[in-house]
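So this first bit is one chain, no partners, the form predicted on its own, shown in structure tokens.
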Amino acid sequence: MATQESPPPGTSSAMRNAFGTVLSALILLLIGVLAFSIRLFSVIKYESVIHEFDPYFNYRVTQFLSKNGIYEFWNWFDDRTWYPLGRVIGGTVYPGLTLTAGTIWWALNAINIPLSVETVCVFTAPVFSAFASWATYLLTKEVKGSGAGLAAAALLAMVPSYISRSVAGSYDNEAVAIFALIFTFYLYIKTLNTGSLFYATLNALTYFYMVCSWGGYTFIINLIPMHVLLCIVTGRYSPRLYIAYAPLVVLGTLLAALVPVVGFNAVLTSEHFASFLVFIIIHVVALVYYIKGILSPKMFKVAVTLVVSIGLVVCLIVVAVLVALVASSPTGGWSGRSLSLLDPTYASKYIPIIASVSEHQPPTWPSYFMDINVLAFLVPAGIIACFSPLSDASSFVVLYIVMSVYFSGVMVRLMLVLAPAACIMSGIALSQAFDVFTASIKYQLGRSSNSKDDAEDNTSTNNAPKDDSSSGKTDKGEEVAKERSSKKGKKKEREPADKPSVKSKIAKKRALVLPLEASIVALLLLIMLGAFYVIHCVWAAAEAYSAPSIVLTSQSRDGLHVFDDFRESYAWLSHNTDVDDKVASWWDYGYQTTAMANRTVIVDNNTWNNTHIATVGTAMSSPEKAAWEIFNSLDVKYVLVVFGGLIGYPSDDINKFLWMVRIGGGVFPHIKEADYLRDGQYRIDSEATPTMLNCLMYKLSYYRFVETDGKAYDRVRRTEIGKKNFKLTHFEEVFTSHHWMVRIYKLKPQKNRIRGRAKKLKLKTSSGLDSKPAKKNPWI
């Protein structure tokens, strides 16, 4: 029998590889287009507008950067926020998003594409969502191949959790930070797989970009040390692990310290201590492995004892220094948000300003189905697939999903960190499942065709002459003997390398072969599952996450109703108040007031000064006269409140009022939450407490509310208010928006003191002396 010649290089296999590369590139391009286009529903349905609260501050900072340059940006002192304290913007903001959008705007204008700063800010998040999808492909490809990478990239392009933070107009730090997070992990795994110092340097630079973009960089600098320690403990240390980790800690920490908002916190806060401890441990382990290679076994035991002893002493000294630093801090060197992640009850006990933010609350079970949908069911399958076989890369993504699940369960905002991990695991699960099912179908179809061919051969051999068959057998035997003798040496050389892989492949094929009908049904179910996921993601992008908070909509029998009260109110402030007037409101609306009305605010969304926020909360919780005195001491001229009782808007100030009481009472003890509750219940009806009915927030929200329907029925609280007819003595209403969502009041001027003049007149009348009427003083 003649041997089959292998195809020369550059024929079918090379063509197949080239076609696969081109097809993968085309699919990635389409995934990028999908990731960008699915986030444009907000622009199509509404308009090109900035969303939410924090993005307005980022937009204002980007405007300043594009107009004045980067040097003015670093030294910018903003006197329109936190009056009378002000804020140093360059030293208190993460500049990554602003610098990225400013660079894009400058580059587009340099090539004569004159887009406005607002347009660039609106579309920055969709563009970087495409980049994040491609980074997910690269990361997953390093773990389980290109098939899993394509599946993970397609899933991330549509996952609702990421869409909620990257829709067009959502100009927040997470828009670019998620891309930086995934790309940093990819470069770490790439360095771990290749041992390249070039990729290690790129990893440190990408980590620096992540530090510039978002405070969530601490997740990276804690997750990677945990993985390094896991590899060391499980006996998977290698020089590649050292190259992947050591440059990241050294270069990454030095670069992180260059960011003004981080500074020396990169080496002084507890969030970074784990990376330094693991840095010491990996050097001790590397030294042990190095000594093991150059010494004899006896000398190695002595040297290991010495190295371990010195290493323990160094670790104890470092731990002692860290304990001293931690003991000197009232919070143990941790930030309030970090402590709330480690202890979910910490914020509600000690820092109500953190607990008052809705995105810092724990998520509910339905929110998982809403934000990651069917991925929640595919993640366990992906974890199992990562263990067959377990590698350094697959152990990292397993650790990533475990930690992100924990943190997302503590804070709903961190569902955003869970989304990439869930997409990676689900992509691996889908890829492995498709491989098994398609291989089973191919094997079963090939087996059936082979059985038919064998049957035909058997019939033909039975009908053939006996002499030919015997001669054929002898010729065949001679040929086989010759081939065996000629290939005996080659076979012996290849046996040790080929036999295990061939056997393992055969065993795997036999173990994973499923019946034909079951494989077809399973493939159809996976396709239906994917279709359901696509439908849900498109619905979430179009309906749930496309509406900007600055413009509200409501669907009724009469059609679509648009509530544009916020922009109406900010426009009124901009056109009807002086430039230097100060506006007081709850901190939620500070960024929007500064950016859209261009007026000075007392507090805003930065929430860096708890005492200042507590002062505003105390004023809102106090009676009218006491509140007037507080606001007057802060040079406030206008007070803005948000009220949703008329149209049923639930996120108004009355629903947030208890947080104002708690934050104010945390600094000023005379404000007590129990005084605003009736039998432990928060009420605004006739059963409400006198303290509640007479506080400033109640009066500013419900002033003249009875004139709307004659009953003063609150549609949010679903009850009639307790105090309907009252007058304001120290504030006057100057503006109420069309749907009563925003109400603006002006502080009345202080009355002149006339007690001395009244006393003189009283003395004159009591003495009975006739006198001419005094001339009226024009200055009184």
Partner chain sequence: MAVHTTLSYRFFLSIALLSILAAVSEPTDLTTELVSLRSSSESGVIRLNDVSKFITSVATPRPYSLIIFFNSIDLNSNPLQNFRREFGFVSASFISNNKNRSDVTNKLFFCEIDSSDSESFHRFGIQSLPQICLVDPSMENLRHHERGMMEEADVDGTAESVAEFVESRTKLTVGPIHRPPLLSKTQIGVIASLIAISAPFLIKKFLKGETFLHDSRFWQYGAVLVYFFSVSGTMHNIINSIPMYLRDPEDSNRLVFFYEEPEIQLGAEALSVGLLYTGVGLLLAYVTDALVRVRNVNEQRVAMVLVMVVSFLAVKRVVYLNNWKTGYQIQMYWPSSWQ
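Each form is matched to the other, and the largest set of C-alpha atoms that superpose within 1.5 Å is called the rigid core. Numbering follows the first chain given and starts at 1. Quantities reported herein were computed from a predicted structural model and do not represent experimental measurements.
The next section is about a form of this same protein that is not shown, the form predicted in complex with its partner chain.
- The partner is not drawn, yet in the predicted complex one stretch among 689-697, 595-603, 537-545, 72-80 has residues with heavy atoms inside 4.5 Å of its partner chain: 537-545.
- Among residues of the shown chain, P515 is one whose heavy atoms approach its partner chain to within 4.5 Å in the predicted complex.
- Contact annotation: G235 falls within 4.5 Å of its partner chain in the predicted complex, judged by heavy atom distances.
- Its partner chain in the predicted complex is approached by L390, whose closest heavy atom lies within 4.5 angstroms of it.
- By the criterion of a heavy atom within 4.5 Å, G195 is excluded from the residues contacting its partner chain in the predicted complex.
- Put simply, of L254, L230, I291, L277 only one has a heavy atom within 4.5 Å of its partner chain in the predicted complex, and it is L230.
- With the partner omitted here, the residue from L375, L97, M620, V122 that has a non-hydrogen atom within 4.5 angstroms of its partner chain in the predicted complex is L375.
- Shown here without its partner chain, the chain has no residue in 548-573 lying with a heavy atom within 4.5 Å of that partner in the predicted complex.
- Fitting the two forms on the rigid core leaves the C-alpha of A110 displaced by under 2 angstroms between the shown form and the other one.
- With the core held fixed, V313 shows a CA shift of 2 Å or greater between the shown form and the other one.
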